[in-house]
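One chain comes next, on its own, written out as structure tokens in the form predicted alone.
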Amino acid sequence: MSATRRLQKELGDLKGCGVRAYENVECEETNLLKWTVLLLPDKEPYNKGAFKVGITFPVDYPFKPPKVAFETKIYHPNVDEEGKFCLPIVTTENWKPATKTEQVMMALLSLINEPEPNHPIRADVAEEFQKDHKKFMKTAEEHTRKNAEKRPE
């Protein structure tokens, strides 16, 4: 199956899956290799907003993993200021061509809902998460209210 056919199928599957955790799955009109997804975490403090995630697929997808990054700023120990994060499922050494975009989105949602402070990208945020959780929750909620996209009704 060519990358185009596979991506068209995955796009249709993702749009039609009915999962409320991600909505507004869209691709650029002229480029099927660039998608945006609105991620809707369901746990505090991130459930106060929605987060736009950009997905760029390589031309040799599914044999190489997509690049995935947050376009919306998020205060999280596992996401840097540029929206990059480490998710084993999309690393080159762990990627499997059978992995679907929906699985990547579910893994990312799980990371956002359940931060991993022992494997941080932002050590300062991870330290706050572990040592002063109440302050972390307050800061993350304020950051979410200020920077996140509006959640769809």
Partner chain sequence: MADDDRETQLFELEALESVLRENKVTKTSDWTDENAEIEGTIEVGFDSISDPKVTLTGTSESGDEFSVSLDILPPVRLKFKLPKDYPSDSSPKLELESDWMNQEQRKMCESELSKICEENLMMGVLYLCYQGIIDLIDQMPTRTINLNEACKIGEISIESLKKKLLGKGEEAAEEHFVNTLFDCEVCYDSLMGLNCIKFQPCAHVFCKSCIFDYYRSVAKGVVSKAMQCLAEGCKSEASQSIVKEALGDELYSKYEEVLVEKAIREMDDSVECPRENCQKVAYVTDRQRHLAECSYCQFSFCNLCKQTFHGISGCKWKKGDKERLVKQWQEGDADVKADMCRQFGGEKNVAALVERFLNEEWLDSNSKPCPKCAVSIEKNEGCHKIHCTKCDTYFCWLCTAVLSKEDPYQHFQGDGTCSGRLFEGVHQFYDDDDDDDEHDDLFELAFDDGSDYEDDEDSDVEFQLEEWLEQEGHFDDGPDGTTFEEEEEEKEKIEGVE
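Residue numbers count along the first chain shown, from 1. Remember, predicted model here, so these are calculated numbers, not experimental data.
Separately, the form predicted together with its partner chain exists; it is not shown, and the next lines address it.
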Review point. Pro120 near its partner chain in the predicted bound form, any heavy atom under 4.5 Å?
Key: yes
Exercise for review: May I ask you to check whether Lys34 falls inside a 4.5 Å heavy atom distance of its partner chain in the predicted bound form?
Suggested key: no
Check your understanding: Would Pro97 count as a contact of its partner chain in the predicted bound form, using a 4.5 angstroms cut-off between non-hydrogen atoms?
Key -> yes
Check your understanding: Is Glu10 one of the residues lying within 4.5 Å of its partner chain in the predicted bound form, judged by heavy atom distances?
Key -> yes
Practice item. Using heavy atoms and a 4.5 Å cut-off, decide whether Gly49, Glu71 and Asn113 all contact its partner chain in the predicted bound form. Key: no
Review point. So which of 23-31, 50-58, 99-107, 37-45 is the stretch with heavy atoms within 4.5 Å of its partner chain in the predicted bound form?
Key: 99-107
Exercise for review: Output the sequence-ordered list of residues from 58-86 with at least one heavy atom within 4.5 Å of its partner chain in the predicted bound form.
Suggested key: Pro62, Phe63, Lys64
